[in-house]
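In the block that follows, a single chain appears as structure tokens, in the form predicted on its own.
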Amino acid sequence: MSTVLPSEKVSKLSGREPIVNDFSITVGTANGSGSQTSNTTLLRALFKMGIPVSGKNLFPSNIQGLPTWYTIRVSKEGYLARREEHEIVVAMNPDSFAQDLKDVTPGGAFFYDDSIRLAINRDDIIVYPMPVKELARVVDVPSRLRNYIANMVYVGVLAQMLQIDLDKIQQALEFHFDGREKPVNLNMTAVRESAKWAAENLEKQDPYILEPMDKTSGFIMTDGNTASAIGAIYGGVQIATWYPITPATSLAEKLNEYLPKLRKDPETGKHTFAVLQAEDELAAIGMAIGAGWSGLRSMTSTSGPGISLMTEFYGLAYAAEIPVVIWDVTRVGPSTGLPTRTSQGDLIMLYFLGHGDTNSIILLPSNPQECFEFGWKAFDLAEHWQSPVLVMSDLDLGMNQWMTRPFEYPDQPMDRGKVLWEEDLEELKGEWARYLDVDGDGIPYRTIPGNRHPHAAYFTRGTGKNEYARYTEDNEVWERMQDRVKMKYQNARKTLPKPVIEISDENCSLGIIAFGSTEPAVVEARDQLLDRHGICSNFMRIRSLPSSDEVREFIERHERNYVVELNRDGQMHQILTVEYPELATRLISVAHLDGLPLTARWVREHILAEEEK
């Protein structure tokens, strides 16, 4: 049995006031060592204890062997952004041992595998050796699995030293292994034996401790790619095409996992969907566009390099006005860049995607709940506006585990847009034009294959055409058609997801603008600016482009608007300057890209530096 250490005893042993539920735990291992199971077990156990947590996985793009780190942030206040401080570090990899030792915050705790025979040259931290190999031998598993079980040693040691509920660890393992008794028992044996060893051999000297809370009630834990896939399923996806690429691959994999469970005809037992792995990104989007043209709800998913390859086909869907959904889970570019690091560096590319004059509808989710929402809503928008719809997520949001509100399922019927069926064409006596604006909203009517009316067919073109889809190079017709399409996208602004706006002080002259996964850092930075420096701020998170009137109004009401984003050149800042050139002097770029998620400290310090100018 592990020994429970109440806060008072921790204070007495460490000689310092206990630090409860407010620190970070970083584990350094090697890629491919199986540590993901151990790390997510810790994360979920803390979540089940009612403690707000977030997890960040920093892994290399090589297949196996290079250093990888996993950081769990524990925040009693509910902050989810990455922190730059590492109070507790677990070193399991000799190749990163020196860096791990260096990263420990003064006064912090350093746990390490005692088979690593490297010097520890710091006297300002607490050091805890762990006999990892010895404790791993306690579990009766084949030698090939012993390295995986070894990772559970630090789970057990941390459970004892930080007071993690072992029952919650078991629940987390049951979730991970889908209730399979044998792997759960094997891993729990290692955890319990390691916790017992720590209770008998390690004296608590650091001030860090975990205590149960009730702040995770009403939340779930998931990653953005899983949420996106489930959202697409509830949105009626019928075909998904893809080519493997980090960090978007797991989105398609989750479709393959959940679709067979949720989309099977109850009478025939046949699947009512298709998920196709193409030979490359060009083929993937080509298939998706063909399916969209044929009336199916279709999508593809990729990352920045894939978007580059898909650009010409995107132009075809734009010109021919074919609905299709494209997910871009962004990483660091250009070129191959940093495949396993996060960024918001594709925004400019998406906004101006395609050669010639084009427009883009872009959705910008900030959390898994919105990934789910935009997963189904993107299909409605694509079919309503007869347009490609781009959804831009990122590696941090897509692949990491997040504490999020439960999904809000679609509360409205599917919007299939302006589709003419046999009876409609019969009423029109077959007189219709594929690209004619009948209603004055810029959206024409379409038919889809399967319509048996003799006048349903038309020729789909990416070349110059008139309202009847007939080829023409007439300059006046070309200009008229382009003006209609432009009006369509102007009208689309009114139906896209509105920004989330928080007005904390009506008289505040400082606004902060962000989008996507940078929100947690901004939320925390705003609190720090107010509490530590007395600087008030209002906040707007943009959820779609082209932007709405609410965006303009927010910018207009503030003298200074800091546009915070995770890219080098301030891409949202550039877009807002293009959309509202008369307000450009009110916009200040606060952009940063090092491949890691933004921290509140970075945001706070750079806004302070601008305020002092």
Partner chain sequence: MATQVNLAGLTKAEYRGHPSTLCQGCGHNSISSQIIAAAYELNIVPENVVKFSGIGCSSKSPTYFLNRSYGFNGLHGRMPSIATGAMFGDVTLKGLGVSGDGDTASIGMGQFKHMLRRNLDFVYIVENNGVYGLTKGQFSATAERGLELKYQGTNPYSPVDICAEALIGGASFIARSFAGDPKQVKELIKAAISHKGVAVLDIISPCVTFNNDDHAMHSYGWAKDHEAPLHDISYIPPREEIMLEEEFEPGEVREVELHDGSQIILKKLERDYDPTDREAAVQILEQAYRNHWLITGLIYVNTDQPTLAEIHNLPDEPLNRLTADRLRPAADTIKMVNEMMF
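Positions refer to the first chain, counted from 1. Note that the structure is a prediction, hence the values are computed from the model and not measured.
There is another form of this protein, the form predicted in complex with its partner chain, and it is not shown here; the text below is about that form.
Note on contacts: among D114, D95, D280, D527, the single residue with a heavy atom within 4.5 Å of its partner chain in the model of the complex is D280. Among Y208, Y128, W242, F515, the residue placing a heavy atom within 4.5 Å of its partner chain in the model of the complex is W242.
Residues of just one listed stretch (87 to 95, 459 to 467, 500 to 508, 529 to 537) have heavy atoms within 4.5 Å of its partner chain in the model of the complex: 459 to 467. The closest non-hydrogen atom of E422 lies within 4.5 Å of its partner chain in the model of the complex. Interface residue remark: H453 is counted as part of the site for its partner chain in the model of the complex, having a heavy atom within 4.5 Å. Mapping the unseen interface onto this chain, K261 counts among the residues with a heavy atom inside 4.5 Å of its partner chain in the model of the complex. Using a 4.5 angstroms limit between non-hydrogen atoms, E193 is distant from its partner chain in the model of the complex. In the model of the complex, its partner chain lies within 4.5 angstroms of at least one heavy atom of each of the following residues of 299 to 328: L309, E312, F313, L316, I322, in sequence order.
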